[in-house]
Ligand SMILES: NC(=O)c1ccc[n+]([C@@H]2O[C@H](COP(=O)([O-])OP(=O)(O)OC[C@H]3O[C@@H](n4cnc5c(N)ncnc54)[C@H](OP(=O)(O)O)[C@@H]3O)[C@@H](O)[C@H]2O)c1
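Take a look at this single chain, the form predicted on its own, given in structure tokens.
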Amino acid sequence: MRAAVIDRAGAEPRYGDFPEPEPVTGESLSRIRAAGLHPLVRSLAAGAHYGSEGVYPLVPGIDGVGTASDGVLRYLGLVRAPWGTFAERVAARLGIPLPPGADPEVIAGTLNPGMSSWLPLRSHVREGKDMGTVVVLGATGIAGRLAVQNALALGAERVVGIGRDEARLADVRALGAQAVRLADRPSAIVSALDGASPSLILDFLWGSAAEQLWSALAAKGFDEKPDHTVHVEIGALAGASAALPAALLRSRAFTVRGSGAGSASLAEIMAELPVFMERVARVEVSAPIEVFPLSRIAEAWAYRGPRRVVVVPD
């Protein structure tokens, strides 16, 4: 079959032939209609992600939309290396039927980045915690933009979106969030919070960006701070490590945890995927996509614009 093929860690993908998938028990063979090029796809393909199995050559792609022999459009996932969704066919363990009228390309480009914030937000709500103020660190990316929409939809009274790109921060404001540039001093974050303590931080950046936010949140004095902040680390675009100040942990109720493959339960993911997919199908949340044919995978891989790339077979 024709596919995007990566021959070694760090190599660019090429359009070529790859052996057909070999389904095992629990997997179904599907013809791919669309697959999203997410940051996770790049990281896994480069061998830089903790989930990478280091098997080469490989076909990149972790999820997508396709049809099995029954012709039903399904969201596909849980694909076994070295096969991936940037191919004509894939064998997958996960297959959830799309809602009627759902656009396969939109689902392929939106579900992965949107679920990254939907899961911790829904968990926060189920635990009966007050949504209050939500901070989105990395709000100018596709996942961050969706996080702003998800937080507001689930009852956040205030969303503060922090990012680098001033033009994209204008889009964050248009969605209903207060926007802060990372280039500004921590005092700009304090001003945007207007005295409120965030109940939840959705962090797509980590590294120095998280350190800047923590500096803004550090409390002074010995008074008890009744508000509890949960910092959820989702991505690490600003660095794989961050120095968490001891004073922050001791001066306020502050919890740091992660959300990603391995830390979120499969049962929770399976329960929430159809719920979020319905929201995407009804255009209750949206993100811009850019579609490339599979034969132009080199161009798709090189794209660094403001849209989420979706790859479709020729």
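Note that residue numbering follows the sequence shown and begins at 1. Since we're looking at a predicted model, the values are computed, not measured.
The discussion below concerns the form predicted together with this ligand, not included here.
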**Report entry** Contact stretch among 153-161, 202-210, 74-82, 186-194 - heavy atom within 4.5 Å of this ligand in the model of the complex
**Finding:** 202-210
Query raised in the report: Heavy atoms within 4.5 Å of this ligand in the model of the complex: does Leu273 have any?
Result: no
Requested in this report: Flag Thr133 as yes or no: does it have a non-hydrogen atom within 4.5 angstroms of any non-hydrogen atom of this ligand in the model of the complex?
Outcome: no
Query raised in the report: According to a 4.5 angstroms non-hydrogen atom cut-off, is Arg168 in contact with this ligand in the model of the complex?
Result: yes
Query raised in the report: Though only this chain appears here, would Pro198 touch this ligand in the model of the complex if you measure heavy atom gaps against 4.5 Å?
Result: no
Query raised in the report: Between the options Ala238, Leu121, Ala102, Ala91, which residue brings a heavy atom to within 4.5 Å of this ligand in the model of the complex?
Result: Ala238
Report task. Would you give me the residues of 99-137 that have any heavy atom within 4.5 Å of this ligand in the model of the complex, in order from first to last? Result -> Asn112, Pro113, Ser116
